[in-house]
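Heads up, the chain below is alone and in the form predicted alone; it's given as structure tokens.
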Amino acid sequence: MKLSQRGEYAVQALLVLGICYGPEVIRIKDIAKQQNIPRRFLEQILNDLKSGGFVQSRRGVAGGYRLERSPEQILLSEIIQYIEGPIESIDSSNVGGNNHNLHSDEAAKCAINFVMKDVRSAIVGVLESVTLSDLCKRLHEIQGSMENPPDYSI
């Protein structure tokens, strides 16, 4: 599974809002600059995320965006399915049932479909088990390890 650029930017923007979660809003230009996202594209994405119930906005000079819900309540699966649409379903027309009299090429396709259905289920399972808060924690771990690189001396 691969995210589109729009999907990646949406998750990146939500990560910034998740890390800064609280009553204050974050300005679009700050998110765009920090995550290297084109500002106009980010505006469109944040408007979509607002329509989807992920973020709130405040207009004006002191305006910006904040999360609608806490990061613990936002699943990665929700974000991806809202931005990208449903995860592609695998053709399961030959999955299940009596397949004993299939030609070898049809039987091979059926076996592959069984495995691909399991792969899709595993992907959905992982996405449904990860919250925005989990991603924020992972980001902190990664940034922490980058700030303190090991000192090698010979």
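Don't overthink the numbering: it's just position in the shown sequence, from 1. This is a predicted model, so every value here is computed, not measured.
Note that the form predicted together with the DNA isn't included here; everything after this is about it.
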| item | value |
| --- | --- |
| Position in contact with the DNA when the complex is considered in the model of the complex, options 70, 47, 129, 121, heavy atoms within 4.5 Å | 47 |
| The single option of 53, 85, 125, 63 touching the DNA in the model of the complex, heavy atom within 4.5 Å | 63 |
| Exercise: residue 40 in contact with the DNA in the model of the complex, heavy atom 4.5 Å | yes |
| Residue 29: touches the DNA in the model of the complex, heavy atom cutoff 4.5 angstroms | yes |
| Interface membership of residue 33, the DNA in the model of the complex, 4.5 Å heavy atom rule | no |
| 4.5 Å heavy atom contact, residue 57 and the DNA in the model of the complex | yes |
| Residues in 130-144 close to the DNA in the model of the complex, defined by a heavy atom within 4.5 Å, in order | none |
